[in-house]
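Starting off, we have a lone chain in the form predicted alone, written out as structure tokens.
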């Protein structure tokens, strides 16, 4: 195990050497053009992808590229998602558009990475139909971007570097944070669950946990740089630490993170219900830093459908878990994911989903119509309901979720709470937007100098999924 750790340190050092070489080349090209070289970063998908994009942007900034929002940049990188097949179609559409930009700018490079690139059929299609793409890599070797750029500059042809899996975790590299005051921190990679509808284990690989000392060192460095809130990231954080040489539970990791001075808030996602322990509930209940919000995807309220989904818990297991969580933390905000129209879902199964929504009373729910994902077991299952029936079910669920959420989210009206100010309200620039511990947003009058600080805000008016407030 120690050898692997040293290897990863050496790999980080090697990538930094490549970045130093590239700095010189990019500076020379920039000088010859009489302007800085620009990059545009486009990210689809989950928080894991967003974190990967911060790393990619950090590398590009380090070697001398300057950020732009225009896709006519000198370097365009698209970090792809493949959870739903229509996400792939969106990427192909964008690639067609980018071809004309590249004709106008011979210095332009296009890089594709992320989950979609882990599919061999996708890579073959790009090789055949989108020859203007320069670099293709996947989810396991994000840290190699500088090396791949150098190879492309030397080779003058398409560079493809896809790994089927890895034990390597190379984290000690630049990262361009979206917010100076909050940040995601990877604690593990991959997934071992193989839910029957999900492509993630096939494209993200098996679970690999980072050493707790590396995670703690990263968070301490972030706090020293002004971060007050961290989001611990993993496909299933509740199974963190099981594959380490010296196993450690996620609850114990949280205990250690809580000890870091200067850190004010701790969030995490995603939690798989089957692995959420009583130890974790106890740690959360006793904590002064872990936010009062838990995202707990149920996916379906039907025990039969849950079995077909390979979720490995029953409706009763889930409700029992919610009961234990609420007993320990009556003020907890629960959110979830729900899939409507899974192939084996009948009307009775759907009624079970409505029942669980009514019993749990979520603060919000991400609701999806099932989307067939080629390569997963569910894709071969025969649909029990037609599209029109599924759409009607979806609308019924959405109506139920929204009605309940309006009531549950409004329960704090009139209270004064601590809010982390995150930015200027996009709809009304006279207002600031802040986030409560329970993840709800509040908009209130204030000056932009307050961004990144904690403020006491009175929640004067509940408006469904957010509040209007005033600073105290």
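Positions refer to the first chain, counted from 1. Since this is a predicted model, take the numbers as computed values, not measurements.
The same protein also exists as the form predicted together with ligand SAH; that form is not shown, yet it is the one meant from here on.
Although the partner is absent from the chain shown here, 198, 311 and 373 each have a heavy atom within 4.5 Å of ligand SAH in the predicted complex. In short, of 333-341, 179-187, 316-324, 382-390 it is 333-341 that has heavy atoms within 4.5 Å of ligand SAH in the predicted complex.
In the predicted complex, ligand SAH sits within 4.5 Å of a heavy atom belonging to residue 235.
For the chain shown alone, residue 223 is not a contact residue for ligand SAH in the predicted complex, no non-hydrogen atom being within 4.5 angstroms. In the predicted complex, ligand SAH lies within 4.5 Å of some heavy atom of residue 297.
Shown alone here, residue 368 lies within 4.5 Å of ligand SAH in the predicted complex, counting heavy atoms only.
Think of it this way: in the predicted complex, ligand SAH has a heavy atom of just one of 270, 287, 249, 364 within 4.5 Å, and the residue is 270. Residue 83 is the only one of 122, 98, 401, 83 with a heavy atom lying within 4.5 Å of ligand SAH in the predicted complex.
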